[in-house]
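Next up: a single chain in C-alpha cells, the form predicted on its own.
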C-alpha cells in the first residue's frame, strides 16, 4: 500500500513511517515543521530509512491540492497534522482553528476530488467530549474515578466542545464523519487518548508521559497542573499503528467507515499522574521532583476510553503492557539526553 501521511515528522507520524517501511509499504510524508522535534525526526527518517519529508502546511488548499495531485496513487490518507496543545489553542486560537478545522477540511476536499477511493484516517482526540464536568467524579487516594463508567467512555457519549482545541478538533472530527455520509468517502475519526513512545519531543503542555519521563532523565524539577490525580488511559504508539493498519486492511464497504472510535489503552492501562511517578522512580532509582499548579482550563479529571467498539469493527486491541512501554520510552529518552 501507499500511505499519504500529514504530520509525517511528528511523534506519531515518524513511528508510523518507520513501521510501514519495514513492513514493505510506501509512504509520502509531509509536515510544516511547526514543532521543534519535527526537524530531529526528519533527520532520523532520512538517515535511517532514506525517507524524505516534504514541506506542507494544510492551512493552504493550494499546497494540499498540489501534494494530493503528486500522490494520486495513495491508498490511505493518514491525517495527523494538527495543532496539538490545549494551552496553545487558548493563546493563539486563530492558528489552532486554521490548522485543525480548516486544515482538515482542505484535506477532505482534496481527497474527495483527487483520491476518492482512499481510506481516510483522521487523528481526532478525546477532548471532543469536553471537560466531562456533567459526569459523576469521585476521588480516591491516588486518582479520580468515574464510577458510572467502569468500562470507560464509549462513543455514544455526546460530544461537548469546550475550549479552542476541543472546538477545532471536534469540528474536524464531524467533518470527517460527514464526508462519509454525504460523499461516500471511507473515513474514520479516531478519538485518541494518551499516546506515548519514542521519538516524542514533548513539552509541558503536550505529551505528558514523555515530558515527565524526560524530566526524570534530566533530574529536573517540573510542574504539574492540579493535584496529580487526573487519570488517562495510556496507549503505546506501536499499538496505535496496528489500529491504523487494521483500518487500511478493512474493505471499503465495511460499516466501520463513517464511524468514530475511542482509541486508548482502556481501563487496564489507566494511570494518574501520581501513579505514574513511582513507576518511573523504579526505573531511575531516585524520586521525581515536582511542584503543583492550578488545574488547566477545560481539562478532564478522568478520561478512559472504552475500546470495545474498535475490537468489534476493526478486530483491534492493545497488546503492549504499560511497564514494557515505559521502559522503552525511558531508554529512548536516556539516549536522547546522552546525545
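Positions refer to the first chain, counted from 1. Nothing here was measured: the structure is a model prediction, and the numbers come from that model.
The form predicted together with a small molecule is left out here; the points below concern that form.
Of the candidates 269, 89, 186, 125, 125 is the one whose heavy atoms come within 4.5 Å of the small molecule in the model of the complex; the others do not. This chain is drawn without the small molecule; in the model of the complex, the residue among 259, 254, 194, 238 with a heavy atom within 4.5 Å of it is 194. Residues of just one listed stretch (65-73, 269-277, 25-33, 296-304) have heavy atoms within 4.5 Å of the small molecule in the model of the complex: 25-33. Although the partner is absent here, residue 58 is a contact residue: one of its heavy atoms lies within 4.5 angstroms of the small molecule in the model of the complex. The closest heavy atom approach of residue 206 to the small molecule in the model of the complex falls within 4.5 Å. Not displayed here, the small molecule is approached by residue 81 to within 4.5 Å at the level of heavy atoms in the model of the complex. The small molecule in the model of the complex comes within 4.5 Å of no heavy atom belonging to residue 20.
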